[in-house]
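Below sits a lone chain in structure tokens, taken as the form predicted on its own.
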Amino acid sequence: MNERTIREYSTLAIPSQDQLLYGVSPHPLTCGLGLTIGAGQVFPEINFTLPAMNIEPETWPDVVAHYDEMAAQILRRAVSLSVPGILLEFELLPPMTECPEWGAEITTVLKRHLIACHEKHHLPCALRVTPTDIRDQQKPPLMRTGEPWQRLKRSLELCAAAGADILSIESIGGKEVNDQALMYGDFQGIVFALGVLAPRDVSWLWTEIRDICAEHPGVVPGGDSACGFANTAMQLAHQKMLPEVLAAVVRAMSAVRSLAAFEQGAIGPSKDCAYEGPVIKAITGYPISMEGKSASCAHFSPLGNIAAAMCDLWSNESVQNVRLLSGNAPEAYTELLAYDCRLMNTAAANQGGALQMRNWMTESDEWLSPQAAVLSPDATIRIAAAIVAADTPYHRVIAAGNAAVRVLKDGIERQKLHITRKEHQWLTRIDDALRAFPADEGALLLELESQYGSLYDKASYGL
């Protein structure tokens, strides 16, 4: 795929909320060792990491031993519970990306376990590898040049060669502006980061990832995540440092920058921490991974059940290799995910069961938080439709924000969503701000130059 064949999404792959179900995608993905995602079943995606320890040459044998142990225990539990398939995700810690050979070595260890399990037990399985985006090591960050980018690129290449079946990333382009804008509740700065800077970086980065995958047959360009943007807002709202309505609108708008990866060739599954995944699925038709109640080991959220309503993979985010009463935590969380998926798949095997189960998961969370309200199937279709009806990332971000505000206001008018007076004031403030943005992103760039111009490197965004 070259620049002339960039995908352009102007219609929805899933135009009706009744067609937006868990376990089913218009474009199922076959990857790894016989694993097909989005063809009717939900599979667990188990994400695991080290306990608190230093990662350095002296401790490296212990690091490898941890991953060797985690893979063996996870797959043992998966086989014991007769899961129909499983995805392992290896999220590199920063030192493993900074030393690309380290990340590749762990990739080799994990893939060896998967191959052995598949050969012995015929378990369909695959390995997702997610290097850390380390390009923010200087201020302002250089996204397209410099040693951090070269190390990240080398990490992607070596992990692909070492056995990754899916390459993903949680990219950070625009975060240098977004972080400050969130801190001060500056909605203009947030829109600038999500609508002008981030999509440019995601588009550039995913041409690189797509090309790396093309050089390694069988390696799939998975997807990106707005974790550093929308999940940051979610956690700040959880700590009462930001209003929930702002976090909800940021969540909707963040889908635009993640969509850019699919425009450049990503085919899923999207990242588990990308709660914007349902919007991506509605637009592209590619399978998604989601996390919710089973991710409480990593973070709290108001999205425990509704996050599963449209998933194709169900994940725990990331759990440390620490001892619990039953066994080590990664093995225990494999069991949690396996039982969640078993219930969803059993419901789907019955006439109308998937729709009923999806509706129950939705209704249990939908109106208890503005952040849950924008993740319902109805809200997903409304936000996705607004995005594809707009012509540029900047206009799409504003359109997504307007759609999210409308979802929240409709819920309030129907007396379904109940928010505080302060949250009401913020919702009005956001609505007014969305109406006041200039039609041209260049005008916004000039308007914000004095406030944010020193935080980002224009060449890194092709500006």
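Numbers for residues come from their place in the sequence shown, where the first is 1. Keep in mind that what you see is a predicted model, and the values were worked out from it rather than measured.
There is also a form predicted in complex with a further copy of the same chain; it is not shown, and the following applies to it.
- None of Glu147, Asp378, Glu208, Glu363 but one reaches within 4.5 angstroms of a further copy of the same chain in the model of the complex through a heavy atom, and that residue is Glu363.
- Interface residue among Thr108, Ser296, Gln188, Thr392, judged by heavy atoms within 4.5 Å of a further copy of the same chain in the model of the complex: Ser296.
- His122 falls outside the set of residues with a heavy atom inside 4.5 Å of a further copy of the same chain in the model of the complex.
- Using a 4.5 angstroms threshold between heavy atoms, Glu335 counts as touching a further copy of the same chain in the model of the complex.
- In the model of the complex, a further copy of the same chain sits within 4.5 Å of a heavy atom belonging to Asp340.
- Although the partner is absent here, Val196 sits far enough away that none of its heavy atoms falls within 4.5 Å of a further copy of the same chain in the model of the complex.
- In summary, the region of this chain contacting a further copy of the same chain in the model of the complex, judged by heavy atoms within 4.5 Å and restricted to 200-208, 297-305, 281-289, 155-163, corresponds to 297-305.
- Residues are counted as partner-facing when one of their heavy atoms sits within 4.5 Å of a further copy of the same chain in the model of the complex; in 60-76 not one qualifies.
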